[in-house]
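One chain comes next, on its own, written as structure tokens: the form predicted on its own.
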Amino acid sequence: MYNLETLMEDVERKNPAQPEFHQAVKEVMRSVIDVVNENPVYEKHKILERMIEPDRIISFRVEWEDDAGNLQVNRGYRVQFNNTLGPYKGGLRFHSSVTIGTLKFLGFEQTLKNSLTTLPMGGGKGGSDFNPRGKSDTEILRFCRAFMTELSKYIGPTVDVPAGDIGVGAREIGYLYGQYKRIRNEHTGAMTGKGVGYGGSLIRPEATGFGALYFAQAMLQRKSDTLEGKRVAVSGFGNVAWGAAMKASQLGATVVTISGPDGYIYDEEGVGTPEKWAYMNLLRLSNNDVVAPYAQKFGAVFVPNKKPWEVAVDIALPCAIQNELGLEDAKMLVANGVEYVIEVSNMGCRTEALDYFIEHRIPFAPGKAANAGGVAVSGLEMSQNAMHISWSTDEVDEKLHQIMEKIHASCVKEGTLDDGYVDYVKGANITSFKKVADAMVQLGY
């Protein structure tokens, strides 16, 4: 029999100074530990211990030359966490905050998220402490080439298929994949998020945000509610926030905030026109990393050095980075009458915040379920590459919608409590865990 406290003591002892990883493991384990204790086969095969431990962690030096001719050195990583269900699949993050602990948390979550999609993908994550902000295009090109020169030894369409993440957009994917082709002399589905002209899938940039709104739509429909007329707070302004703002607006909601490290903007009319979405994209591509210019351009209110969770809204969509929404933010949202919270960033809410939402019976969707649309379309891109075909926008969007509805249904099945409230965190954790665990047992791992 497993005890959560004893299990977590062991995790923290073996993985010191990795708080995000500890948080992610604990959030899952407290949902599934009873399931494991009720199934002797899981205990016999040591499923918990093995699922917490990544298959391997690859670390390498990345040497590149800046525009002044100076040699720069960064660290590169790939955490190949679990390939029980298929090739390792997960993004690359280029940001100064990247550490092994961050990537282990992301790889662990990715394993379970990919399981929810029902597509044949394992979980992994990678990246570097290189920060593209302030770098020239040629510096980013040199770094990407140096990074892929080493990473190419460990990836491939049937082994490990990276994609983009924070700091790795269409430009970086192009540079990375170009170097992979140059080294391996092959054109395969070894990466996703590629440009449509060289093997990418339509609506991939928007997919995470679109999928989150399809999940939200299913949540509301279950309560005989709709997105029509809802006021929505969005954090961030990158690909994820951009896709979420577009789809929320198309479904009848009004997105009144986006945010950056400098603060947030409040747009009473809504971030809901092609011109505003295009400007969000421009901010992202410029590596400017601030949202104040949006307020100046569109006459919105700019609130410096604050997060958007103080605004009274019906729906909150954290779309920026892990642990961006804390307990005090949760209290403000609930006090202001928030009706739904959909975690679109990976582990965007601190444990105390999600517990507060559940305690107050606010429908709360965890990131591993709500933001699975991005990797789902990456999986569809892998399928298109393998079959040497290309689906239309409508075909990809329909498949994405179906996947998100199935994820929602599985969360409801495993997460409905005696009082009728759906604990989506519990539902997502149990569903994803059981699929990976059962496959590990069947494979004799």
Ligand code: GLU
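Only a predicted model underlies this, so the values are computations on that prediction, with no experimental measurement involved. Sequential numbering from 1, following the sequence displayed.
A second form of this protein, the form predicted together with the ligand, is not displayed here; the remarks below concern that form.
Asks: Check each of Gly126, Gly123, Pro318, Gly374 and return the one that places a heavy atom within 4.5 angstroms of the ligand in the model of the complex.
Replies: None of the others qualify; the residue that does is Gly374.
Asks: Quick one: of Lys276, Arg204, Lys104, Lys247, which gets a non-hydrogen atom within 4.5 angstroms of the ligand in the model of the complex?
Replies: Going through each option in turn, the one that passes is Arg204.
Asks: Using a 4.5 Å heavy atom cut-off, which of 351-359, 225-233, 300-308, 82-90 contacts the ligand in the model of the complex?
Replies: Answer to the contact question: 82-90.
Asks: Residues Glu12, Gln23 and Gln322 are flagged as a possible site; in the model of the complex, is every one of them within 4.5 Å of the ligand by some non-hydrogen atom?
Replies: Not one of the three qualifies.
Asks: Does any heavy atom of Gly164 come within 4.5 Å of a heavy atom of the ligand in the model of the complex?
Replies: Yes, Gly164 is a contact residue.
Asks: Please check if Ser259 has a heavy atom lying within 4.5 Å of any heavy atom of the ligand in the model of the complex.
Replies: No.
Asks: Could you tell me if Thr192 has a non-hydrogen atom within 4.5 Å of the ligand in the model of the complex?
Replies: Heavy-atom contact with the ligand at 4.5 Å: present for Thr192.
Asks: Does any part of Gln110 reach within 4.5 Å of the ligand in the model of the complex? Heavy atoms only, please.
Replies: Although the ligand is absent here, Gln110 would touch it in the model of the complex, with heavy atoms inside 4.5 Å.
Asks: Scan 317-356 and note down the residues that get a heavy atom within 4.5 Å of the ligand in the model of the complex; none is a fine answer too.
Replies: Heavy-atom contacts to the ligand in the model of the complex: only Asn346.
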